[in-house]
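Take a look at this single chain, the form predicted on its own, given in structure tokens.
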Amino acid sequence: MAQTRIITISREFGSGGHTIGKMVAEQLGLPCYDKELVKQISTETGFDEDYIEEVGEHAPGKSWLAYAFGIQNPTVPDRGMSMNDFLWTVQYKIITELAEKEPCVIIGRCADYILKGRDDCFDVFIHSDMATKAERIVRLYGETNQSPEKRLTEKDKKRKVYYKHYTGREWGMSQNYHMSLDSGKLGIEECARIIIEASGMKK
């Protein structure tokens, strides 16, 4: 097996996966792509970053509107392509290029699937119990008119459907990752430590 160069972090909403990925990258001295990846997609497509983040968790709609946006946008090469599919192809290209360019940590965006043919990737899924995730999102993002449990369920449902649509695999299924960690049980710092040690990457 080749030496690990890339760590991908997939995560449930509220599990702290973003924080863990950032921590791993900082401790290893690697670039971390999450919001940075969205910025690159935005630069290449001309779409607003908030729009990319939102669309990036929805499977393509079949309505005429989804395709109308593609028809009206001059950056879309195939006028029969939905905006979701167009953004997926750009995302796929950028993640593949980043993996070729340098060792890094990539958070979300189906990077585990996109890079599945490489033997220098270490894929991790972060999950946690509902109570821990609910407390975390309220602390980080505040209260809304929806219960934190409903926010968590809806967000992860979108991620699951999106992942299934583009990969044909089940999001969060342990067989699709090299490691699955419970951040509520282990803690953020311990998850980062375990990932670094298990990946074999040197600080």
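Throughout, we count residues from 1 along the sequence that is shown. Treat the numbers as computed from the prediction; the structure is a model and nothing was measured.
This protein has a second form, the form predicted together with a further copy of the same chain, left out of what is shown; the following refers to that one.
*Asks:* With a further copy of the same chain left out here, work out from 22-30, 38-46, 143-151, 164-172 which stretch has heavy atoms within 4.5 Å of it in the predicted bound form.
*Replies:* That would be 164-172.
*Asks:* So, residue 193 and a further copy of the same chain: in the predicted bound form, are they within 4.5 Å at any heavy atom pair?
*Replies:* Within the cut-off, so yes.
*Asks:* Though only this chain appears here, would residue 179 touch a further copy of the same chain in the predicted bound form if you measure heavy atom gaps against 4.5 Å?
*Replies:* Although a further copy of the same chain is absent here, residue 179 would touch it in the predicted bound form, with heavy atoms inside 4.5 Å.
*Asks:* Could you tell me if residue 88 has a non-hydrogen atom within 4.5 Å of a further copy of the same chain in the predicted bound form?
*Replies:* It does not: once a further copy of the same chain is placed as it appears in the predicted bound form, residue 88 has no heavy atom within 4.5 Å of it.
*Asks:* Would residue 160 sit within 4.5 Å of a further copy of the same chain in the predicted bound form, counting heavy atoms only?
*Replies:* Because a heavy atom of residue 160 falls inside 4.5 Å of a further copy of the same chain in the predicted bound form, the answer is yes.
*Asks:* Under the 4.5 Å heavy atom criterion, name the residues of 106-136 that approach a further copy of the same chain in the predicted bound form, in sequence order.
*Replies:* 119, 121, 122, 125, 127 sit within 4.5 Å of the partner.
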